[in-house]
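Just the one chain here, laid out as structure tokens, in the form predicted alone.
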């Protein structure tokens, strides 16, 4: 059973630069990723928006595998700041998991 953590969702959503709610799941980011990362940005962002902290944490390696090259972001039709959103996730993980 998946546990939802609304506090987690609100905390990440409170960062000014996190704009994942604009994503409408078109898949452009996935098609353009030079790393071919298995987990999709849009899936990661859904986990955040829905408060699925445990699912997000299961994908820490994918979050840190992103090159932040912005190829996905430059072609996103909704202007989602994908690289900045990934940075926000890294900052959250660094603070709450690694105590940085």
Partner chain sequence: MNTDAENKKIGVFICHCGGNISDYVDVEKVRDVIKDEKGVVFAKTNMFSCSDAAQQEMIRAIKENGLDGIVIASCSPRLHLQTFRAMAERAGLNPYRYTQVNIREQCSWAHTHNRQAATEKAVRLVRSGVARTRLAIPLQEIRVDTTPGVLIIGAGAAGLRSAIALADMGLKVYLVERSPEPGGFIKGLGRLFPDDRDGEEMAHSLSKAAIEHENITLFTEAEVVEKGGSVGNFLIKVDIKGQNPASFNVGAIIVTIGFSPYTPKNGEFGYGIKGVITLPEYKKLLAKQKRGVEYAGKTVRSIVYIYCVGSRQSAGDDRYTYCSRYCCASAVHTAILAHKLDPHISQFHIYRDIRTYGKYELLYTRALEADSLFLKYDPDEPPTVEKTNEGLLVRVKDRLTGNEEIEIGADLVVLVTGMTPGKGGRLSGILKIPIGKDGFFTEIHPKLRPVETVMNGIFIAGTAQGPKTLSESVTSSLAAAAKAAGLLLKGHVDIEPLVAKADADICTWCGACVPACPFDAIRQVEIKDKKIAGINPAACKGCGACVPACPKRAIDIEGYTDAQIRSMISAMAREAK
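The term rigid core refers to the maximal set of C-alpha atoms that superpose within 1.5 Å between the two forms. Positions refer to the first chain, counted from 1. What you are looking at is a predicted structure, and each value in this text was computed from that prediction instead of being measured.
What comes next is about the form predicted in complex with its partner chain, which is not displayed.
Using a 4.5 Å cutoff between non-hydrogen atoms, residue 57 does not count as a contact of its partner chain in the predicted bound form.
Residue 4 belongs to the set of residues with a heavy atom inside 4.5 Å of its partner chain in the predicted bound form.
Residue contact check for residue 62: none of its heavy atoms lie within 4.5 Å of its partner chain in the predicted bound form. With a 4.5 Å cutoff on heavy atoms, residue 70 does not count as touching its partner chain in the predicted bound form; it lies far away. Remark: all three candidate residues (10, 25 and 43) come within 4.5 Å of its partner chain in the predicted bound form, counting heavy atoms only. Heavy atoms closer than or equal to 4.5 Å to its partner chain in the predicted bound form belong, across 44-71, to the residues 46, 47, 49, 50, 52, 55, ordered by sequence position.
After superposition on the rigid core, displacement of the C-alpha of residue 93 between the shown form and the other one stays below 2 Å.
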